[in-house]
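Presented as C-alpha cells, the chain that follows is alone, the form predicted on its own.
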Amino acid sequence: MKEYDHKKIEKKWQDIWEKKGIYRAQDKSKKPKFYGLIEFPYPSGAGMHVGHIRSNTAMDIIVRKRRMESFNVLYPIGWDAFGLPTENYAIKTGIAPSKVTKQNTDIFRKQLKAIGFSFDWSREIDTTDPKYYKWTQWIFLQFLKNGLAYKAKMTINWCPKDKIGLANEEVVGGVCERCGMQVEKREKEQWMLAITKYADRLDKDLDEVDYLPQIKLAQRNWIGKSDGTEIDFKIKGHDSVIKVFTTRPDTIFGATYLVLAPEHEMVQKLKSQITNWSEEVEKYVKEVKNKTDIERTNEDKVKTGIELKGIKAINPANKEGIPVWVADYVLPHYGTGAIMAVPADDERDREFAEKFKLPIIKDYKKAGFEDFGKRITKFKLRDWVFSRQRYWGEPIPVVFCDKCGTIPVPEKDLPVELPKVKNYQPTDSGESPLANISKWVNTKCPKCKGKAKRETDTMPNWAGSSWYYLRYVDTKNKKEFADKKNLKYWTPVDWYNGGNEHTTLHLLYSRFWHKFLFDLKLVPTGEPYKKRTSHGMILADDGTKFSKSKGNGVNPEDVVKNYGADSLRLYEMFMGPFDQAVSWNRDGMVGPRRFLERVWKISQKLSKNSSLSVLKLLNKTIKKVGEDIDAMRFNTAISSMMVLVNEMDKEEVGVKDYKKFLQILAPFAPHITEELWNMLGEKKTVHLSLWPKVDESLLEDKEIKIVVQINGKVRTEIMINVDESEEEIKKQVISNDIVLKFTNGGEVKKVIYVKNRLINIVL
C-alpha cells in the first residue's frame, strides 16, 4: 500500500471539494442552520503568517462537526480591504490601491485554500468592491436620514510631515509613531455617528448574549455606564455654576477643591476674573491641547495643574469657598469635564493635593445625594468619529450646495465610486487626496441641479466590517443589502470567533449598526451574534509578535509544503489552550506529522473486529472529542485521539471502528481522513457523513483493577467485575493463585474490602 504523501492527497481533495461544492450553504433547507463566522482578514502584501490562521482553523473544526451533525452550515469568507496600510503602500510604490488589493487577495485566497478550510467560496465578498460598498453607503444614508449622522468640529491629532490625522493610539509621547514628528492639534469638521444614543441598549443587551465574560467586560468598560449624581457648584461673585458628576455624592463634605479639564467652557468664560491667566493658565491650556487622552490619563505620569487664582467655588454642603484648578488628567468628555476632589478618599486626588499642598479633611460626615444634586446616568462612550481624510475608503455619499446645504446622494445614484487617481499623497490643508480631483469634486446638486461639491472625506475601514456578516447571507443581491427571507433564516450568527483585540471597538460598532438596522425593521434580531469567543495570539518563537518589520513571520505555505496542511492544522490546535497566547516552534510540527503517519499505518493492519480495549477507548474518545470541540478545548481533543492511536497500534482494530475514528479526526485533519475513508470503499465524502454516536454501555468500565494487600503489604493487583457482590469478589481474591502463595495456608482472620479500590487480607 502507498505511503502517506500529503502533497498529492491535499491538492487532490481540495480540487474535488471545490468541484463538487460540498461546502456550499443552501439558502433553502429543512435542516437546522448553523452560521459560523470568523473576522474576515485584512489582505496585506506579505500574505498570511501562521498566527493568522488559528481562528480559521478553530471555527473550521466546529463547522465541520456541525455539518456531520446534519446542520445546514454557512461558513463564509471575504476581505476587509479598505484602509491605511494599502494606501501607504500605494504612496510608496505608485501602484494603485485597487491593484494592490487584488494582488493581496489573490495571495491570501491561495494560502487559505491550501490549508483546506471549508469556506463557502461562492459567497466571497470584498469591502472595496463598488457592488459591496454601494450598500455601506446606503446604510450611511439611513443614519443621515434618521439624524444619527452629523458633522461637528473636532480637535484631531495632526502630523505635519505625513500630513494626516492620527488616532490617539498612533501618537506616542506627543510624536507621530510613524515618522517621529511632533504632533499638532487641529480643528477639523468631521462626520460623526451618534452611537451614544444606543449606549444604554449596548450595555443592557449584553445580558442577552453568550459572550465570554472578559468580552462582556471589555464592552462594558468602553461603554462606561455610571449611575451617579450631578451637583451644582456656584462660582463666588459670578452667575455661572460648575456642574460636577460624581458616583460618591456622600463624600461632598470632604471635597476641598474642584478640578476642570483645561478645555472646559468655564475656563474661557471666567478668564477675565482669573488673575494669573496670562502668566500661567493660558500657556498651560495650550500645552495640554497637544497631549493625547492616553498621555493625559497615564497613571505613571507626573501630576500637573494650575490654580485659577481669583476664582472660588462654593461647596453646597458647607457653603465654604474652595479653590478651582485646571489639570490635564481631567478630560472634557468624561462626566461633565469637572470633578470635586476628595483627597481623603481618592488616591489620585490625594497625590495631587499633597503635591500642591491642598487641604485634606480626614474626618468628615457623610451625606445623602437627595440634599445636593440630582440622580443621573452617564456614559464614557463618545460619538463615533466617522470620517477620514484618506483616499482608500468608501466615499461619503453627500454633496454640498450653497443654496440647498448638505444633500444626500440619491439612492439610485449609488455607489459613489472612488475615482482613479495618480497621486495618493495627502494635502497640506489636511483634506483627503480626493479634494485635488476637481473633475470628481465638482458636481450638480441632486435637489436644485445647481453647482455643488462632493464630500471628499472617506469612511473608516470599520464601516465595511460593521455589517459584512449580513451581506454573506445574500451576496449577489442588487436590490437590497440582503433578502429578508435569507436574513430571517440565517441570522443571528450562531458563533463568532476572533482575536482579543477586536472584542471592543469592532464588536461594539457592529452591534450598534445592527441595532440601528433592527430599529428600521431591516434585520430580524436585536443582536448580530448569539455567541462570541476569542483566541490567544500565536507569537514568534522568541515570544514577540510576528511583524513585517522584524521579518519574523512564518509563511504557512512553507509549513504546508514540508509537513502538510493537516499537520499544520493539528499543531495550531495542539500548541496549548485556545484562549491563551502561545509561541511558535517549528520543531513542534514533528509530533503532529508523526501522529498522522501512525494513523495512516494503522489503516494497513485492520481486522474484522476491534479488541474490547479499543472499543471502550474509542467510545470514550468520541464522547470527549465531541465535548472538547464544543468547549474549544482543541488541544485535549487531539491529546485523547493520540492516546487512542497508541492503543490501536497495540491491539486489533476493526474496519467499522477505524472509520468512526476517521470521522472524529476529520474536522482536524480533513485531507488524510478523506483519502483513507475513500480507500476503505466509501464513495461519499467523510465530511458529510453522520458524526458517530456514543455507545453508552461501553463508557462504563465493567472490569477494574484493584490492589490486593496481605497484612497491609501490597502483593498483587487483580481484575474484578464491578457488578459482582462483595462476597463474590472476596472469594475470587482469596482463591487467586498469587494470593494463595502469600497466605501459604495461614488462617484468614479478616478480609477488608474498599469498594473498587483494594482488598486487605489479615492473617
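Small disclaimer: the values here were computed from a predicted structure and weren't measured. Rigid core: the largest C-alpha set superposing within 1.5 Å between the two forms. So that there is no doubt, residue numbering starts at 1 and follows the sequence shown.
Although not depicted, the form predicted together with the RNA is the subject of the following passage.
Chemist: The RNA isn't shown here, but in the model of the complex, which of 32-40, 705-713, 721-729, 64-72 has heavy atoms within 4.5 Å of it?
Modeler: Of the options given, it is 705-713.
Chemist: If the cut-off is 4.5 angstroms on heavy atoms, which of these, V288, M642, A114, A482, is the one near the RNA in the model of the complex?
Modeler: After the contact test, the surviving option is M642.
Chemist: Given that the RNA is left out here, which of I339, L570, M459, M632 has a heavy atom within 4.5 Å of it in the model of the complex?
Modeler: By the 4.5 Å heavy-atom cutoff, the listed residue in contact is I339.
Chemist: Applying a 4.5 Å heavy atom distance criterion, does V754 contact the RNA in the model of the complex?
Modeler: Within the cut-off, so yes.
Chemist: Using 4.5 Å between non-hydrogen atoms, is C159 touching the RNA in the model of the complex?
Modeler: Answer no; every heavy atom of C159 is more than 4.5 Å from the RNA in the model of the complex.
Chemist: So in the model of the complex, is the RNA close enough to W17 to count as touching (4.5 Å, heavy atoms)?
Modeler: It does not: once the RNA is placed as it appears in the model of the complex, W17 has no heavy atom within 4.5 Å of it.
Chemist: Report yes if any heavy atom of F245 sits within 4.5 Å of a heavy atom of the RNA in the model of the complex; otherwise report no.
Modeler: Close contact exists here: in the model of the complex, F245 approaches the RNA to within 4.5 Å, heavy atoms only.
Chemist: Could you list which residues of 303-331 come within 4.5 Å of the RNA in the model of the complex, counting heavy atoms only?
Modeler: K303, D328, Y329, V330, L331 sit within 4.5 Å of the partner.
Chemist: Does D695 show a Cα shift reaching 2 Å between this form and the one not shown after rigid-core superposition?
Modeler: No; that C-alpha moves by less than 2 Å between this form and the one not shown.
Chemist: For a quick test of reading the superposition: does L112 move by 2 Å or more at the CA between this form and the one not shown, rigid core aligned?
Modeler: Shift at L112: below 2 Å after core fit.
Chemist: Tell me whether K755 is among the residues that move between this form and the one not shown (Cα shift of 2 angstroms or more, core superposed).
Modeler: Yes; K755 is a residue whose C-alpha shifts (by 2 Å or more) between this form and the one not shown when the cores are overlaid.
Chemist: Out of closer and farther, which fits the Cα atoms of V625 and N756 in the model of the complex compared with this form, where the change is 3 Å or more?
Modeler: Closer, not farther.
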